[in-house]
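Here we start with a single chain on its own, the form predicted on its own, put down as structure tokens.
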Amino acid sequence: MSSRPYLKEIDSRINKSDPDTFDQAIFILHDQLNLSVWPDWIRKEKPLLIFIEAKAKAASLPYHKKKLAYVLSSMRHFAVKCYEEGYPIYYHTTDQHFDGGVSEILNENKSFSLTYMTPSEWDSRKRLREVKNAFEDRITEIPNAFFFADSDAWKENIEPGYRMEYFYRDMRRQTGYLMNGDEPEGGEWNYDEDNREPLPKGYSVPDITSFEPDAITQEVIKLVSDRHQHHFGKLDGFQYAVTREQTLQLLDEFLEERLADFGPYEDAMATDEPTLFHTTLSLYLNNGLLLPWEICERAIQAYKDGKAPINSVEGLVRQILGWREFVRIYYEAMMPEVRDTNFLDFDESLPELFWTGNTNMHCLQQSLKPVIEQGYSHHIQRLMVLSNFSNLTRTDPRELNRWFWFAYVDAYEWVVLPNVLGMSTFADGGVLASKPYVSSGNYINKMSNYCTSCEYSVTKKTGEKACPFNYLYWNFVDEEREAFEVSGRNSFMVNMYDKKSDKDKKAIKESTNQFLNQLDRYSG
């Protein structure tokens, strides 16, 4: 019987190995769950695999309860799978962070050398390198192999004016994805113009398979419920895949049922449809259960087989080969100083509704509900509703970044920080994006059916029942002129504001001040 609380299932399935009986050991982090990208000798020699559950890491942010459950369950399932494939396993828990757990094991066991792969996140990397320095020749770090691009070869390019599109085209040439010799498949590098359709009324959206928690997951859910009850989000209704076999099933399902419509409705939003035709595979991609080239190459094959149009497949490839890789390089180039960037000097606390979902604004309700319940919303909800609202309410972008980091199941700092501080909030002053991503209610109305169910009127510009996005937007344009004038092509919005009548400008200011004065801010 296991003497470790919350680990009875894994202890019943794995015979715990003694590290002192091994010459070589591999430490595998919770977001590196795929041995196919590790060096060949590991798969041939089957050294001891070490997994660590670090309580201090789990408690370092109020991570979504489902995120904690997913991370722990998928890691436990992966350890069991490796054991079944003949790998000796040492599954360790510590009250400390990962570095403390590694140090505990190395101090207690003197015989083996340890190899680990460079962590994707800055803090884990820094901590492990400190352990490496302390134990000198017993530890080897190998490069992270879960990405297409070598960040060291690209990060010097990161500066104002170097956009993702340049990088993306070079990566297409390098991989040969959707290329005909030196020319892009179909004659165009991207098909954005074809991928901005709102969802037609009554259009059918296929369901995504959900998975019943097995014994391992149920034990993890109990752990999270008991130990992290004050964390963000809801725990009931856990439905995520936790094994590679299950994630491959979801990939097949996406390719067969949603890829064809992914492109046209990539930017669409619809009431009670939080996933639409998106892959929802990012959480599996970001911890290694799926690999980026697997998704890209399967999608390209679907195009070649006539099962999906070029605009959908190119849009997906651009998200993975282009944007995902680009933001990771940005992260490597800009850390750690970028953590403190705040170009617009916003200093308001995060609106309380980001925690509760309580608001009369229907678009915010619809964008927050799936985050609170499942730790997920798609990228347009993240960018054009949640980040947009944060900007327009002068919220400190670093607080928004922190919220995205703990609120989403697929979130790791390397992907969240560039998207929030670099792109959506313009906090870096224009290194990643050419403008702040802000809009009035018109964009949300164009790309969704949210406004038809809202108690505010999207056609009303100021006053009590006007859509708050309308007056907040024009107030932002007036007060943050510098952000729009960084790029000359955006200065026309400032000119449009200046042409408004004094009466309209006064109404914008009054509506904005009244709304912001009544907006509850989170103080926890």
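Since the structure is predicted, the reported quantities are computational estimates derived from the model, not experimental observations. Just count from 1 along the sequence shown to find any residue number.
There is another form of this protein, the form predicted together with a small molecule, and it is not shown here; the text below is about that form.
When contacts are judged by a 4.5 Å heavy atom cut-off, Val220 does not count as touching the small molecule in the predicted complex. At the 4.5 Å threshold, heavy atoms of Trp122 stay clear of the small molecule in the predicted complex, well away from it. Contact check for Ile320: a non-hydrogen atom falls within 4.5 Å of the small molecule in the predicted complex. A residue is said to contact a partner when one of its heavy atoms sits within 4.5 Å of a partner heavy atom; Arg244 fails this definition for the small molecule in the predicted complex, lying far away. Per the 4.5 Å heavy atom criterion, the small molecule in the predicted complex is contacted by stretch 406-414, the sole one of 152-160, 406-414, 77-85, 333-341. Note on contacts: among Arg402, Arg127, His378, His231, the single residue with a heavy atom within 4.5 Å of the small molecule in the predicted complex is His378. Scanning Ile300, Leu368, Val327, Ile105 against the small molecule in the predicted complex with a 4.5 Å heavy atom cut-off leaves one residue, Val327. Contact with the small molecule in the predicted complex holds for all three of Phe262, His278 and Leu316, each having a heavy atom within 4.5 Å.
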